[in-house]
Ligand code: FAD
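Coming up is one lone chain in C-alpha cells, specifically the form predicted alone.
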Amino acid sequence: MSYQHLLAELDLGFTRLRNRVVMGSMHTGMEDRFWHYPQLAAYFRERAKGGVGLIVTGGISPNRQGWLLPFGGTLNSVFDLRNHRLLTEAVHAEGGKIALQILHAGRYGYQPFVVSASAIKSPISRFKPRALSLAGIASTVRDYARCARLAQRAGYDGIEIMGSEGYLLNQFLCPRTNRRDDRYGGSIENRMRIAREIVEQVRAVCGERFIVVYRLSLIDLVEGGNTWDETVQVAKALEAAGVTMFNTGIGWHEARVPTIVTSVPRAAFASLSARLKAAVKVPVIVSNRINTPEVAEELLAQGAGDLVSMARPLLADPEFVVKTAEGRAHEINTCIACNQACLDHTFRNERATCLVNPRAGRETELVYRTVSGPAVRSVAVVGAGPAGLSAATVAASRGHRVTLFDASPTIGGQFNLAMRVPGKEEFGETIRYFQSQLQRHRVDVRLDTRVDPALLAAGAYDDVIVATGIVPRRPAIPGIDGPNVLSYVDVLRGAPVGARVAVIGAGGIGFDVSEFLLHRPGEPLPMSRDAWLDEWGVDLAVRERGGLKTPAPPQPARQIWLLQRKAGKLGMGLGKTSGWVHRATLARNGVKMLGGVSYLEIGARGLKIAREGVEAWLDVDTIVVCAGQESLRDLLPRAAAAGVVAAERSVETQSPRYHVIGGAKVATELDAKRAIREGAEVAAAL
C-alpha cells in the first residue's frame, strides 16, 4: 500500500502536522514525578524520531482536585515549566509536535480531594466526591486556562482537553453523574456549559495559533450517558467556542462493555467518528483498536476521520510511521491489545511499558548497544518461544552471531496456542514480527532440531540462552491417564472434545480454554464486528442514552464447568483491565465457575469432586487439565540443574556461560511479559 492518506501532511492554517498519525494520550506513571521527566523525554523523543505527527502526553491535572493520584502530575505553576520543556524540546528536536493533555479526574481520582458535578461516588474509587459549587466551577475553568497558558509557555504546540472516558467534563455532560439543578445541570445546554467555558477561556488566553484538541465521548456505554443528538449538539457548540480538532473517546472506565482489549474487533467504533466528521467542519481524529497502517489508511480513505490516534501501537513500536513510510510495514511490532504491561501497570500505579516491547518507558535503562570486533559473541538460543525470540533478535540486532534452535517446525512456542483462542488472534502478529527480525538480522534458525549437550559443545558457543519453556503439569488424580482426559495443549491443537466439559484449573489458561470451547469447531474467527456488538449490547446508532441495547450472545457450543482448588472468586489473578471481560464472557455463556474444589477421581462417568464437604460426580464427556506447568531445564549443566537460583549462581563459572529465561526459569502461570523482557535484558547484557 502507498499509505498516501496516512502519510499526508495536515495544514491547520497556523501550523502543519507532517502526517496524520497522532500518538494518543497514555498515562505512563512518569508524568507524576518530576525526577522521571528525563526518562519521559527520552520516551517521547523516540516516538517523535519514529515519525509521529502529533504526540499527546499522559494526563496532567490543572489543579489539586483533579489529581488521579496523590501529588499526581500537575501543571499550575511556573516552577513546573523547566520539567515540561524537557519534553517539548526533545520532541521538537526530532521534527514532531506535542500537545499536553489536561485531565481532571473528577470522581475517578484516587485521593481525598475529589470533586464532581454531583456528589455521586464512582465504582472505581473509594473516595466520594464533593459537588463543585458555582465558585468552584469558575475556579476550575480558570485553572484549565492557566494550565493551557503554562503549556504554551513550556513549548507545547497545543493541548488536549480530556472530555471523555468518564472524567470530570464527561461527568458534567451526562445525566448519570450530573443531578444539578442550577445553570450547570438539567438540559444539555447547561450540562455542557463548563466544557464550553473552558474552551472559550483557553482560546482567549492562548490565541488562535495554538492547537486545542477536545477529546469528546462519542458513545458512553453506561446507563445515563448521552444520546447521539446530544453529542453532536455538544460538538457544534465546542467547535464554535474555538476547538481546533476533535479526538474521539469511547466508553467510560466504569462501563461493562470492553473497548480496548484484544477481543474488541479492530476499528469497531470508527463509524461514530465518521458520523461526527459529517457534523462538524474541523478535523476529527478516529481512534480505538487501530493497530496497523493498513487499517489506519483504509479508515482515512473511507472518510472515517482526518487523523488516526494510536497510543498502545506506538508503545509497541516507536518506529511505526518510519517503517510504514519505508515500505517495511511487515516489520512493525504490532500492539496485541493485551494491556498486561501498559494499562494493567497504570491501574496498579506502576510504570507503564509494553509486553511486546520491554524498552517502552525504559529507553534510558534498557539500551541495545551495537558491538563489533572482539566484543562479538557466538550465542546459542535454545527455544523459539517468546523468550527465545526476544533474546535472539535483540542479540543479533546488536551484532552478535546468533543461532536459534527449536524442536518444533515453527517459531512462536506458546503464542501458537494463544492465537487459537477466540479474541487472541492478534498474538499471531507478534510471531510475524519476530520472523521479520530473524530474517533482518540474519539469525541462523534451526527448527526441527533437538538440542543436546554434544550439539552445543560442537558449536563452541560463548553463551547459551536456555529458553526451552515448559511442559503441562498433570496433577495426581486417580484416572488422570484415562481416554477422556486432555491437556490444554491437546485441546488448542484441535483434539475432539465432548459436549459437556470440566476444566481443571482457573488461571489464565483455564479461562482461555473455556472461551475456546464455547465456540464450535470450524466457526469463523475472529468474530465479526456486528456479532461482537450484538454480544455485548452496543448500539452504534446511540439512539438510547449511552448507546446500550439488550445483549444477544450466540448460543455456546458446550456446557462447561471451570474449577479451581482455591476457595473464592475465580480469575482473581487475571489482568485488572481484561479479567472482568473474561469473567463476564464465561458467565454470560453459562459456564459454571466453582472454587474450593478437591479432585477425587476420574472415570468413565466424568469427574468426581468434593466441595464444602460434599462429594459429587460431574457427568462430563471430557476433562481438560489446565493445572499449571513445569519448567524444562534439561540442558543446564548438572551443577546448575537443581534450580534456577543455583543456575544463576553458577552460570558465570560455566564455559560457555548459561542463561535461563522465560518458562524455563519460572513456570508458574505462563507470563509472556516477563519472558520477552528477560530475553531482551539478557541479550542487552551480552
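One-based numbering along the sequence shown. Keep in mind the model is a prediction, meaning the values are calculated, not measured.
There is another form of this protein, the form predicted together with the ligand, and it is not shown here; the text below is about that form.
Of the residues 214, 405, 108, 434, just one reaches the ligand in the model of the complex with a heavy atom at 4.5 Å or closer; this is 405. A heavy atom within 4.5 Å of the ligand in the model of the complex is found for one listed residue only; from 234, 451, 299, 396, this is 451. Using a 4.5 Å cutoff between non-hydrogen atoms, residue 414 counts as a contact of the ligand in the model of the complex.
For residue 340, a non-hydrogen atom is located within 4.5 Å of the ligand in the model of the complex, even though that partner is not displayed. Remark: residue 673 counts among the residues lining the ligand in the model of the complex, judged by a heavy atom distance of 4.5 Å or less. In the model of the complex, no heavy atom of residue 538 sits within 4.5 Å of the ligand.
Stretch-level contact analysis of 183-191, 322-330, 608-616, 386-394 against the ligand in the model of the complex, using heavy atoms and a 4.5 Å limit, identifies 386-394. Although the partner is absent from the chain shown here, 467, 509 and 662 each have a heavy atom within 4.5 Å of the ligand in the model of the complex. Contacts to the ligand in the model of the complex (heavy atom within 4.5 Å) from stretch 235-273: none.
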